[in-house]
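This document starts with one chain, in the form predicted on its own, laid out as structure tokens.
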Amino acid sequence: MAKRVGILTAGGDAPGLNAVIRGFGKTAIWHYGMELIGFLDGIRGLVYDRHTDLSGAALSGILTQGGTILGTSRDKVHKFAVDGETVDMTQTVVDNYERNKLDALVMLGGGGTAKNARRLTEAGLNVISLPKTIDNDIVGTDTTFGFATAMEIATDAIDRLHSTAHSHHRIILAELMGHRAGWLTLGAGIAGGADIILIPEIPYTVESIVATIKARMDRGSSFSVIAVAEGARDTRDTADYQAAQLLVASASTPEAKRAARVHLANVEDAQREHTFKLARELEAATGLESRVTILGYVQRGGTPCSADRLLATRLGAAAADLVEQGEFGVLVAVRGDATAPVPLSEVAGKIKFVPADHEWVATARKVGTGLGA
């Protein structure tokens, strides 16, 4: 009997989602003879049992499309919002899985999706997760689909900002996505020739940045372009943020945990405008006009680049192989030119940070790029 498989996309959208759906679907349907349905709007579709048939016709023409034909959401299976309350919907998802006579569920997403996938695996479902995020911060895999396209978009933006910075003798700060990990900002900053790169893993000081800018001015460069990750912080804000995180981790009761999370949210809100604050500080210290450009969702949208299309198709096909082989509870990871299944227990709840001794960091320093510290 043909296997029947469900697939969904969850978390933030990223270039390559439709390419993965296509790669998995074509391999599953035409190579292995499986049946495929797509759940709409991520975990929400699983909870409310909203799905659509994904036949060969539905998969046609979606390779180059941005976004996801299935829709997405950031819902959590064990903390699902219902009428203003938080409810554990794990059993409801299990019931819908069985009602649809599924043999497997394929979940495309980032770190939050990996945690949802692990919970459903622990509930007895056959689940496979695929690594999607422009942040490239999923452990166990060399890279994630969506990252290459986002880095190209960010690099192009930095390229273009050089013209205005040079013409008007300004400091221009380009804020890129990357709340916890700095892979996107670091990669695009190096590729785009940013003069200074600020990432969450390397807390900066304004004094260090000013010193780099003034050294450039002494060499005749009357402008600077700074690539800033949205999660980058100065040393003082980093200490406050880490203390708030530690408070959450060490809370021993539900009430203390809730209070600690409220405090952490307040700290994050207070630091949210850090790029604009930094721009004002740099203008005052250097005498150069400073401007901020926030790329935001532009980095996540549009047609995936060829590298992401290739990667997405490979990952989709590899996931279909694993379904056929009956290997579940895993993330399909990229390992060089190959793929490999990694247990979700080794992935979920973990973040791949930029190591201090990473080659990209060393390269930035060698070519004279300031890192704020």
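Bear in mind that the values here come from a model prediction, so they are computed numbers and not experimental data. The first residue of the sequence shown is number 1, and the count goes up from there.
Here the subject shifts to the form predicted in complex with 6-O-phosphono-beta-D-fructofuranose, a form of this protein not shown in this document.
Only one of 131 to 139, 250 to 258, 163 to 171, 273 to 281 lies within 4.5 Å of 6-O-phosphono-beta-D-fructofuranose in the predicted bound form by heavy atoms, and it is 131 to 139.
Not displayed here, 6-O-phosphono-beta-D-fructofuranose is approached by residue 300 to within 4.5 Å at the level of heavy atoms in the predicted bound form.
By the criterion of a heavy atom within 4.5 Å, residue 214 is excluded from the residues contacting 6-O-phosphono-beta-D-fructofuranose in the predicted bound form. At the 4.5 Å threshold, heavy atoms of residue 177 reach 6-O-phosphono-beta-D-fructofuranose in the predicted bound form.
Contact between residue 234 and 6-O-phosphono-beta-D-fructofuranose in the predicted bound form is not found at the 4.5 Å heavy atom cutoff.
Residue 74 is the only one of 263, 78, 74, 291 with a heavy atom lying within 4.5 Å of 6-O-phosphono-beta-D-fructofuranose in the predicted bound form. Checking 152, 201, 230, 103 against 6-O-phosphono-beta-D-fructofuranose in the predicted bound form, a heavy atom within 4.5 Å turns up for just one residue: 230.
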